[in-house]
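As a starting point, one isolated chain is supplied in structure tokens, in the form predicted on its own.
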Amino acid sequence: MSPETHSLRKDYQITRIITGCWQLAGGHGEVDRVEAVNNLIAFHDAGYTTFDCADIYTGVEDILGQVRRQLQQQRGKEALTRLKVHTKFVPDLDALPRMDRAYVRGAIERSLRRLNCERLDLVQFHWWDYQIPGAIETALWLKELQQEGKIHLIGGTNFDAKHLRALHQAGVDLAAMQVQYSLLDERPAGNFAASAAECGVALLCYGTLAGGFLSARWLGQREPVEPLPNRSLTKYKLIIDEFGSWDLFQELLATLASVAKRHDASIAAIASRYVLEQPSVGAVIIGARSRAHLASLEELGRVHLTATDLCAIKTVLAKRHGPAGEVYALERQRDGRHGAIMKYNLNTRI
């Protein structure tokens, strides 16, 4: 069965399951670059031809650039036609006050070199602090590069509904907005999703498995205590705290396990499918380091939730406490629990 697809624009189709490559930056263990390239080509060959990366994921754009070279060398230029590589432009927080046209151009040209291409498929840009002016101007400079042919589509990362609409009204044709969206974090639902639909923006969703918490591994386990093994688990444990108690989280996992059993599937597949079926969602981004994960992606592709499944899940979700507020609002509070673990200056000076 071929993977599901979604059209961001008439001339641009992606797979609804996007392979997330942030784990190849080394934060989850040592990365064998040769093996990483071969694994990503295996995903491509299996039909999962859309990949997500960022300029701040150390070395990942270079890895995907090598994927492009190897595909062309081994199978010819035509093999590249299905490949879609989404990157991000994430300027440092410290760089925002001095943002200018040259900075933006330098960042985009650096991604072009790393990714070994003449035009970036999708550039999703992020703006750390709304109190620092320049987000719209930066988007319009990206639009200039789009008109030059250096960028195909422009998207955003973690803008809220108000700022999404502002970008749209300024004449920036946003094709997508990447946001955190899961059973534990439904901040993108409702007003945000409606605003995205009005502006022709598809949601590309990360965190659908909450860093692995939404899986059988955590069913029946005691609540973990700090320090957790990595920043990803720390981040999503905070989301669980916002969601409610560890007992409520366990109730959700048990319900998902029951639904998964009816479908002969995994908890993870049910959790990601739930997000895929929400309004305005174009795709989910699933992190995968090995071709061994292909079976789980295929499982996600065949699962579809019934009214009975959704009723059971929503009964638990009705007990949630949060997280509340706009998309990414908690993470923007640099003196808060969520903001304190963020890294705001990962890029290098252009």
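Source: prediction; values computed, not measured. Sequential numbering from 1, following the sequence displayed.
Note that the form predicted in complex with a small molecule isn't included here; everything after this is about it.
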*Can we say Trp127, Ser195 and Gln278 each have a non-hydrogen atom within 4.5 Å of the small molecule in the predicted complex?*
no
_Interface residue in the predicted complex among Arg320, Arg289, His44, Arg68, criterion: non-hydrogen atom within 4.5 angstroms of the small molecule_ = Arg289
*Which listed residue (Leu253, Val85, Ala260, Ala210) meets the criterion of a heavy atom within 4.5 Å of the small molecule in the predicted complex?*
Ala210
*asked:* If contact means a heavy atom within 4.5 Å, which one of 143-151, 211-219, 195-203, 92-100 is the stretch that engages the small molecule in the predicted complex?
replied: 211-219
_Can you tell me whether Gln178 touches the small molecule? I mean in the predicted complex, with a 4.5 angstroms heavy atom cut-off._
yes
*asked:* Is it the case that Thr234, even though its partner is missing from this view, gets within 4.5 Å of the small molecule in the predicted complex, heavy atoms only?
replied: no
*Give a yes or no for Ala268: in the predicted complex, does one of its heavy atoms lie within 4.5 Å of a heavy atom belonging to the small molecule?*
yes
_in the predicted complex, does Leu40 come within 4.5 Å of the small molecule, counting heavy atoms only?_
no
